[in-house]
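So this first bit is one chain, no partners, the form predicted on its own, shown in structure tokens.
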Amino acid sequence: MHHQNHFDLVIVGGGTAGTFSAIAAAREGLSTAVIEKNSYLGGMATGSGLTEMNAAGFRESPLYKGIEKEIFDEMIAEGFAEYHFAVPMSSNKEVKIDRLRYNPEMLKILLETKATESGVTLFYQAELDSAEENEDGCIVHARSLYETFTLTSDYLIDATGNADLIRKLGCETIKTQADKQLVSTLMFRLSNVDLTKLDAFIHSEELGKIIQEGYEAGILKGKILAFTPIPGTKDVSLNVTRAKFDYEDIRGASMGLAEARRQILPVYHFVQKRVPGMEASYIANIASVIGVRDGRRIQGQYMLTLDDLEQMTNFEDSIACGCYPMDIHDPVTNSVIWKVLPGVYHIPYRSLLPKGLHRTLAAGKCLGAEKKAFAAIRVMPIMMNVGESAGYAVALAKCEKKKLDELTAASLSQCLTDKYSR
């Protein structure tokens, strides 16, 4: 059987950003392939046990348009997602965030349906081996458990979350020092919860006291105990475990994963005893991937700064927006450092352009941003927006027969206005 090995666009990483890039590009008529190390799309949104999209809305109304809005609306219509506006953070009651709560298993099915219906070619359980970008095209070598294969393309998108493709293309990347990396979290899910009782508890003064008690007893490793009820179920996910390790050191990362899992049973027994509504609950799922907040980033043609977010700089090549505050999960103090930003801020296209490359974009967490800005923009709804716009940008370059760094801000801005106003 003859398989197509040349594509207009090859995306490495089918996570939050990569999936949206793929659907956008494919719907614009580009032959699009996704190389994904897991056996499903959505990355952290579907595999990390996280069940809410933080900052999916702004001032109590939905923020996003395009494919992102289409997918959010469908999840809500089918009863497995709902908006919750102005929800206080468990680590700081003063910080209130608009969020979309959802069932990740249902999102797995929905994203895959959208991608395959758009004509995206999927390469699951495949890892990137090496890649090169040339004057007239790109080559990607990858492998599955059983074979190595080569794809060629006109354009590439790095949606790996850690700039893996950019690094393999020989470009400079930035890694946070090991002792400054944000803390990681392994999520788990409890079933058979009395959600009415739990909800009353979450909104009472008791939550703060219980967090303090658990922290002093050494059961909670940080001052956080975030319960997220999953729409359409009697389940809640818990964001509570804390692991510190260098994510690029395999031994350290493996020990960190084991350490996070070791924290689960003591936390479960503690909440079962101390939190109303949890008495008959049981552990239904432990996420298969740990939530690593950090990641390598590219040296972008523009490095987004916290100052840009605070000033809400309106870039002429703006391709995405967000409103999530800066939240630094500090490994030194074990606390979460918040900085609420004044409104909706922007991410420029130049932050997706790696220095020295012409046919490759960085979409998702590895885009060009300084550490403090990264701590705000790294959340899923923003990355979906970045990914979707990156897909449109590649389609525009294909249409104009240009390299990705040759697009003009005016042309890109016009294109995105068209796409998002449909």
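This is a predicted model, so every value here is computed, not measured. One-based numbering along the sequence shown.
Absent from the display: the form predicted in complex with a small molecule. The rest refers to it.
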Sort through 123-131, 108-116, 339-347, 271-279 and report the only stretch with a non-hydrogen atom within 4.5 Å of the small molecule in the predicted bound form.
123-131
Contact assignment for the small molecule in the predicted bound form, among 230, 211, 292, 190, heavy atom within 4.5 Å
292
Checking 26, 380, 369, 393 against the small molecule in the predicted bound form, the residue with a non-hydrogen atom inside 4.5 angstroms turns out to be 380
Could you confirm whether residue 52 comes within 4.5 Å of the small molecule in the predicted bound form, counting heavy atoms only?
yes
So in the predicted bound form, does residue 9 come within 4.5 Å of the small molecule, heavy atom to heavy atom?
no
Would you classify residue 164 as touching the small molecule in the predicted bound form, given a 4.5 Å non-hydrogen atom cut-off?
yes
Would residue 239 count as touching the small molecule in the predicted bound form under a 4.5 Å heavy atom rule?
yes
